[in-house]
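Below you will find one chain, with nothing else, as structure tokens; this is the form predicted on its own, and questions on how it binds or moves follow later.
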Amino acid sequence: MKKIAANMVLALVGVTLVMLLWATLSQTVAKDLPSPLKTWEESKVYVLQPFDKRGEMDQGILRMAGYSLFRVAKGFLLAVLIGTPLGFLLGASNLFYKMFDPTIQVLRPISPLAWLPLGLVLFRQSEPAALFTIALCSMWPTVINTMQGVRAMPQDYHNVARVLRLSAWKRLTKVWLPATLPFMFTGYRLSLGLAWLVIVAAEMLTGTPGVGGFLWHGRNTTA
């Protein structure tokens, strides 16, 4: 109990120091930066009425976060559905790996902001373009980690599967999948983090309701 109380006190001290630094910067170095008090006065309506909807971009913070979370969930699900089998193919087939790994290594580091215009060209609507960008940018950790999990599988596992004459389906579900799960879930965790980063940028550029759209709208209306 004392340890919990001590941790809470330390956390409170840390928050207080950050607030003091913020207030100092707003009064000295960055005069255009609003102080914590002014920020609260301007944003309290969104926090105290989190589900209200007064306009397309004038909504409570939880409602806006809900839009973003729903898009992230859909984009992440697409990334998992595409990235997992692709990772298995890359890990299981040397031919497939040699054919497509160079292309994947080129596409993987491309910025999310570069994919969004392509999505708008392909789908001509902001919502599917945002989902396309989220799925494409966030699936690479799933692909790479699943591939590494399959390739790191001990050779004894493959030998046992051959001795038992397991079918391709049983080999996948009874041998490959259990052995690869730790790698896959690491990829899923990293992909989910990337999906949340991408959605903010995508909403900012498309102007759709959500956390990113809310931030961009606030910036434009206060500029």
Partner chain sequence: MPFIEMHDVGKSFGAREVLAGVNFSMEEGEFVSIVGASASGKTTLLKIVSGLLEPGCGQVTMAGESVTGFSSQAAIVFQNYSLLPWLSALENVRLAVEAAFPSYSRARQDEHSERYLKMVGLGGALARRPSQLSGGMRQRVAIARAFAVEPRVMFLDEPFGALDALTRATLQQELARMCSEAGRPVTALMITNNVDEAILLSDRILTLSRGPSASLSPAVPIDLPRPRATDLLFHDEQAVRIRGRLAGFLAAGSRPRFGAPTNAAFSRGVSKSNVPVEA
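Bear in mind the structure is a predicted one, so any value in this text is a computation, not a measurement. Numbering follows the first chain given and starts at 1.
The discussion below concerns the form predicted together with its partner chain, not included here.
- Interface residue among Val175, Met57, Val45, Leu69, judged by heavy atoms within 4.5 Å of its partner chain in the model of the complex: Val175.
- When you look in the model of the complex, the only residue of Leu197, Leu166, Leu62, Leu190 with a non-hydrogen atom within 4.5 Å of its partner chain is Leu166.
- In the model of the complex, at least one heavy atom of Arg162 sits within 4.5 Å of its partner chain.
- By the criterion of a heavy atom within 4.5 Å, Lys170 is counted among the residues contacting its partner chain in the model of the complex.
- Proximity of Asp32 to its partner chain in the model of the complex: non-hydrogen atoms within 4.5 Å are absent; the residue sits far from the partner.
- When contacts are judged by a 4.5 Å heavy atom cut-off, Phe185 does not count as touching its partner chain in the model of the complex.
- Scanning 1-39 for heavy atoms within 4.5 Å of its partner chain in the model of the complex gives no residues at all.
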